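Given as structure tokens, the chain that follows is alone and in the form predicted on its own.
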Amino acid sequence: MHKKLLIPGPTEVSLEMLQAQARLLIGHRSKEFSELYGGITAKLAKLFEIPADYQPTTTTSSGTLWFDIVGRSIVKKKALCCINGAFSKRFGEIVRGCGKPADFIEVEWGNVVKPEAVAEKLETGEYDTLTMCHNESSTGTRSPVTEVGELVKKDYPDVIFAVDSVSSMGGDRTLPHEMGVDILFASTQKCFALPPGLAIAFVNNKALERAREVPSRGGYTDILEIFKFEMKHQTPFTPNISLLYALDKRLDLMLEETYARIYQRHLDMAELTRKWARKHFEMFPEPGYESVTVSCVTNTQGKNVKELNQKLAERGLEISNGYGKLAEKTFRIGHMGEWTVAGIQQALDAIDEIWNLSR
């Protein structure tokens, strides 16, 4: 039996999207490919309301590649990395792994790094790049990116603000110019409800100008090479053409639904899950900073999450245990992609029955 995925990713993929990949291949240097890829770029720009000083791109990779791109192509002197969970920490560690100095502002898992803490560090003038994870899926926590973006734009205009929105773009409201970020990136296996294998990014001219000042940008991680090929509606290296077929179809459906309705649907699912969680347990994130796409619940009743998933599997469902050190102490319910309020309610009802929770 197939288990419908209510985990932080990959999320459930419809047969329609799986079948969209089953088209005959075309050459990635052909006119047909440029038309396909150029159409995808135009749809991304329309859906995310991209102004003239930003450019979209799609890389054949996981979103994690963009940690390396920031480390290799953007950090010139020193980075400041905001850490509040597993994936924000991975971002910082990869920047250091690229040979670039990086300092961490680290808070307890479930909390967020506040703008005033960022300002205190940026005021030193030591940093030319700031990194943050918008939606820390290890803790179900949503960082105040827009507030930090306003701060950086106003008081530290020379700092490049790079944000991981892997598990929020396309579900939460993530319009890059509205958030005040210079680089924003995500993966297709989350809110885009596609198989893993593609990353989507928006980069502004300010970030590209910085890259021109950074030597040794690598090959696959050279952001200038990526956008050089974007001018021809192509990619530097062979892309996953089959997945691009599916992305093209997905963007048609997202444009038809509209971003406003997509966001409201995700917010409705989040609010339903939070209400359920607060009735029976507690939410793990700092109040007011709960994710719109994945809810992390504190297991205050000491229930066995592993056994729950075994019983949910018999009903064709799967949620996620807590991440790493939070296993069994928390559990996570993903509500992103094509899921609806009705589908989430059915899953919550199943948990109620298995755990004998009061209605």
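Start at 1 and count along the sequence shown; that's the residue number. Small disclaimer: the values here were computed from a predicted structure and weren't measured.
Just so you know, the form predicted in complex with a small molecule exists too; it's not on screen, but the next bit is about it.
Of the heavy atoms in Phe87, some are within 4.5 Å of the small molecule in the model of the complex. Remark: Ser167 counts among the residues lining the small molecule in the model of the complex, judged by a heavy atom distance of 4.5 Å or less. Interface residue remark: Ser73 is not counted as part of the site for the small molecule in the model of the complex, having no heavy atom within 4.5 Å. Within this chain, Thr174 is remote from the site of the small molecule in the model of the complex, having no heavy atom within 4.5 Å. Within 4.5 Å of the small molecule in the model of the complex, a heavy atom is found for not a single one of Tyr54, Thr57 and Arg210. Picking from 188-196, 276-284, 241-249, 255-263 the stretch near the small molecule in the model of the complex, with a 4.5 Å limit on heavy atoms, gives 188-196. Of the listed positions (Asn299, Asn309, Ser62, Thr41), a single one reaches within 4.5 angstroms of the small molecule by any non-hydrogen atom in the model of the complex, namely Ser62. Think of it this way: in the model of the complex, the small molecule has a heavy atom of just one of Tyr37, Phe48, Phe67, Phe331 within 4.5 Å, and the residue is Phe67.
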